[in-house]
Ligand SMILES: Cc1ncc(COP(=O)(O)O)c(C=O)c1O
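Listed next as structure tokens is one chain, alone, in the form predicted on its own.
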């Protein structure tokens, strides 16, 4: 008992020293939301937002040295599910892997006739991030691409009916740059055709949508939702992501796919929590013998997409900052919007608009250069970058024009289908870029970025 007390006291002292170290030696801008700014300073499109809480948690987790998922991961998953408003959330190694888990889960034999089979179709948009689309192909299904609408940069819901066929099994859509897609219309479409809906929420943690008078966080409206915790996102665990659901069967399947495809739900380092370790009956699991160790029974062709307790310890501290970070993102978005409104009024650019019934937690501020504008996107991008403003494109642009999908002479490398035209997807590929709104940008940086965008388009 005395040694246990000494251990606790020593750990407390070390964690407190780590807090003091962080406050004293980490650069000011890491902790200060309104760090000093002078024109010409680099303005990143995104960045980590943290303080001594994350470092204290990380040091405590390191002292425990439980390198696989442990108590911090379990606490993080529980708190994550509570914040989102779902029954089950599973921490995994990245947002991209979360999307792969979500699509892979739909291939489970446990889903019966609704199971996604090779050659089945999944509807998505052409203008988005690659790892929203790639899991469709990686699971042997066929992506069916529809266009987006401007100025929301989300799926054009009028094209969904053109995309559906007797092979369609699912829809996967991202909330573009934090702006929710039309959840009401998409859910109605999925219900009409009995389709699964996966919400790629990786860029939208904290975004809200009101459906039938009830407001909830995006990601909680579909059958499965996903998150990314890469440092530029709304919260971070370093690398990391999450997949979540309200459906108990999908939760069982997702956990299996994340953890090697095994049937057992016992957490790492614990045996026979499920009570079935040596009790499996003959012929219940494939052709395994009676009493075969349930911990080594595999019901899916799965992965190892677990993430560490170290990252989860950071995530627990980050969750406490989500509301403040979301408010700061919205403030920065509004600053940029009103500063750039004269450019839209003059017809030089198209400004983003929130989807009706949505309250976005913006990941970025997209700007589309009007067709009549003399300056090209490339010229504007170079102008901004040369003056310290980091820009990003709207991810893959029109993904069917990417070299992973088609050769330079037009030969298709991936089996896909296009429903309707992709005019706006081509438009954002050529004319759209975005700048940051992350919490530490603040008023002075927003004013400077808006002034530079105005200058770039005025020359």
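No experiment lies behind these values; they were computed from the predicted model shown. Positions refer to the first chain, counted from 1.
Although not depicted, the form predicted in complex with this ligand is the subject of the following passage.
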(request) Counting only non-hydrogen atoms, choose the one of 77-85, 185-193, 230-238, 338-346 that falls within 4.5 Å of this ligand in the predicted bound form. (result) 230-238
(message) Within 4.5 Å, heavy atoms only: does residue 94 come near this ligand in the predicted bound form?
(response) yes
(message) Even though the partner isn't displayed, in the predicted bound form is residue 174 close enough to this ligand, meaning a heavy atom within 4.5 Å?
(response) yes
(message) I'd like to know if residue 313 sits close to this ligand in the predicted bound form, meaning any non-hydrogen atom pair within 4.5 angstroms.
(response) no
(request) Answer with yes or no whether residue 202 is in contact with this ligand in the predicted bound form, where contact means some heavy atom within 4.5 Å. (result) yes
(message) Please identify the residue among 131, 318, 332, 152 with any heavy atom within 4.5 Å of this ligand in the predicted bound form.
(response) 131
(request) Check each of 245, 99, 218, 361 and return the one that places a heavy atom within 4.5 angstroms of this ligand in the predicted bound form. (result) 99
(request) Any residue of 391-405 with a heavy atom within 4.5 Å of this ligand in the predicted bound form counts; write them all down in order. (result) 395
